[in-house]
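First, one chain by itself: the form predicted alone, in structure tokens.
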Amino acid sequence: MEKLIITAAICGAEVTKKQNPNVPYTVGEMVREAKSAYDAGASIIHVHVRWDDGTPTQDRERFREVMDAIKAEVPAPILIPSTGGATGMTPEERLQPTELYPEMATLDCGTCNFGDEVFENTMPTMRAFGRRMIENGIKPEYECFEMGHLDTILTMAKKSEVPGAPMHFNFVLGVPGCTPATVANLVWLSSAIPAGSTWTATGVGRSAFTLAAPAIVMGGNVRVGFEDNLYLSRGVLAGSNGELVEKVVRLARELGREVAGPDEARAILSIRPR
């Protein structure tokens, strides 16, 4: 079994310091959390950015500032900027970080309920995102929140509307209004991807670690972090993203799976050197 790739989603667009005071907003706080996650064993940092007051933004220059600052402190990890942004943002806003030519970026695979809001990803939007990633040589992380998202993106790949094989998927399960975070759903999704693909499991909220464990055993990869879950255990707020990563590392150790470093992750994900 290949080594385990751990992704840390360090802040997201929705969580706030009122929910957990350790959620990062400023550039310095982002660097602190990225370093804590990397030091604990994460080889990928999933990046959303905020203004200093916590307002989510997709501003290209803010992404540049945050990502350059992270690379200056910890140059090794893969940085995956979000093109999801926050609900209500336009496709043009959301695409801005792809102008920085990152190694990877997220590509959301369909519209879905997102709590009380709707996360809109129309077919024209996804085609535009796929075209941009093909043009800029960016490997997508295909984020699937619903079962139908997987079929949609596989059909688009067959039509060369998005980058094709080898593909990497992130199954984000447990978002209110979307696919529940069950082992059965994870098995179904992971068994339906093309041969040679890789995948990550993201369990939202209380599902963070109950989904991580089966993903580790099944040969998948794991994402944790403040974007998805603010608690280390029931009622215990995590002090950092690093604490959440450390828990996954402990699970992996107990289950007999080694953890990949950044260069090993690049090889597993077939990321082409720039």
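Residue numbers here begin at 1 and follow the sequence given. On a predicted model such as this, the values are computed, not experimentally measured, just so you know.
Beyond what is shown, the protein has a form predicted together with a small molecule; the following relates to that form.
With a cut-off of 4.5 Å between heavy atoms, is Phe145 one of the residues that contacts the small molecule in the predicted bound form? Phe145: yes, in contact with the small molecule in the predicted bound form.
Do Ser82 and the small molecule share at least one heavy atom pair within 4.5 Å in the predicted bound form? Contact check for Ser82: yes, within 4.5 Å of the small molecule in the predicted bound form.
Close approach of Glu264 to the small molecule in the predicted bound form, 4.5 Å, heavy atom: Result no; Glu264 lies far from the small molecule in the predicted bound form.
Going by a heavy atom distance of 4.5 Å, is Ala86 a contact of the small molecule in the predicted bound form? Yes, contact at 4.5 Å.
So which of Thr179, Thr152, Ser190, Thr106 reaches within 4.5 angstroms of the small molecule in the predicted bound form, heavy atom to heavy atom? If I apply the 4.5 Å criterion carefully, the residue I get is Thr106.
Listed range touching the small molecule, judged in the predicted bound form by heavy atoms within 4.5 Å, from 22-30, 46-54, 232-240, 213-221: Looking at the other structure, the answer is 46-54.
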